[in-house]
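Form predicted alone, single chain, as structure tokens, below.
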């Protein structure tokens, strides 16, 4: 996507027109945390509340019918975006809940089998069974599995990381073995930017009869993702990172697995029959959507999908890839900058984490913020990855379709000002790229 198209794309996001810190233009480089929302998404969510607001799947009046139609139509649109069918897509409030839903399916199945109930053995964990993750996981795809292991007696194992920020695949066949019951891997790291070989990992998981879960929060909004080609059994992602509303997440699961999974949250809207003694549950996906669902948010997310499709996810991916390469070229030659993660623009996404020699990431973030450049600082909910690379925190710049090379230039210029402010620039910085 050419720079002029990126600028036209950016014009559709009202928030990006504002100024910050005394009238400075906002340079938003924190889309890895949450993306901004285009006018069409804001309008779609507002229109639902103004014209169709009602609780879905209940009521006999016209508003209830319209709300239900809008909700289920949104499900079909969003499912189609990843090559899925509507019945395979479960709405949650965020990706964290989606991942917990799968983890609790294992826990609840294990508890049910201890009570003598018949459950699918693929979801039963016992001491000696193993769960495999990676050292680069976001906490949302680590802590649920830690908790599951602690509660069931299963063992948690993980892929280590190479020095250049990639998964160490050298022990794939030993790590994923006959004891493995579930493998849960991030598709694209939120801190390192690394795009992992999920298909290869899924193939090995299935060879030993394990289920494969993918955290796709950083991939679905940025690169083409086809669930069938990926080879996973479950994929989780969130709406707010793909130009959609906050408060809605997605879980895709293979139909035959969703049908045998126990629910995570119980209550209204997810039942078939209720008596004072017991209850039976609805078929998926309603089985996993207890309570009044996020109808307006689903409508907004479907509009975000339409918005992406209008431009083309392939075009967005190409633009972000080019922008990432441009930023890597700039940062790689800056004295005192260490990129945490792959330094080459191969199998990596549009998130770059780095540290500045002699200055804490939080201090760099403050100086950048004063210049109008919004970045993320901290461990990015990926503390083990920071520990692996010997950093307490990093600065992360993450891009989306509305970013341009001028935004990268502003980032580089602001970093230089920060180095000068903290007295770590030195004469060598004068010889570095001027950000033009």
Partner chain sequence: MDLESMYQEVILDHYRSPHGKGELDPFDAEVFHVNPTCGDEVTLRVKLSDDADPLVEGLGHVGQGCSISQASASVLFDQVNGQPLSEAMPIVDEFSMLMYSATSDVDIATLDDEKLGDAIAFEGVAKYPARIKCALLSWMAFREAVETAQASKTN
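Positions refer to the first chain, counted from 1. Just so we're clear, the structure is a prediction, and the values are computed from it rather than from any experiment.
Below, we refer to the form predicted in complex with the partner chain, which is not included among the displayed structures.
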item: Residue 377, heavy atom within 4.5 angstroms of the partner chain in the predicted bound form; value: yes
item: Distance check, residue 362 to the partner chain in the predicted bound form, heavy atom within 4.5 Å; value: yes
item: Exercise: residue 416 in contact with the partner chain in the predicted bound form, heavy atom 4.5 Å; value: no
item: Contact of residue 392 with the partner chain in the predicted bound form (heavy atom, 4.5 Å); value: yes
item: Listed range touching the partner chain, judged in the predicted bound form by heavy atoms within 4.5 Å, from 56-64, 395-403, 38-46, 369-377; value: 369-377
item: The partner chain in the predicted bound form: contacted by all of 158, 338 and 384, heavy atom 4.5 Å; value: no
item: Position in contact with the partner chain when the complex is considered in the predicted bound form, options 358, 153, 291, 86, heavy atoms within 4.5 Å; value: 358
item: Residues in 248-286 close to the partner chain in the predicted bound form, defined by a heavy atom within 4.5 Å, in order; value: none
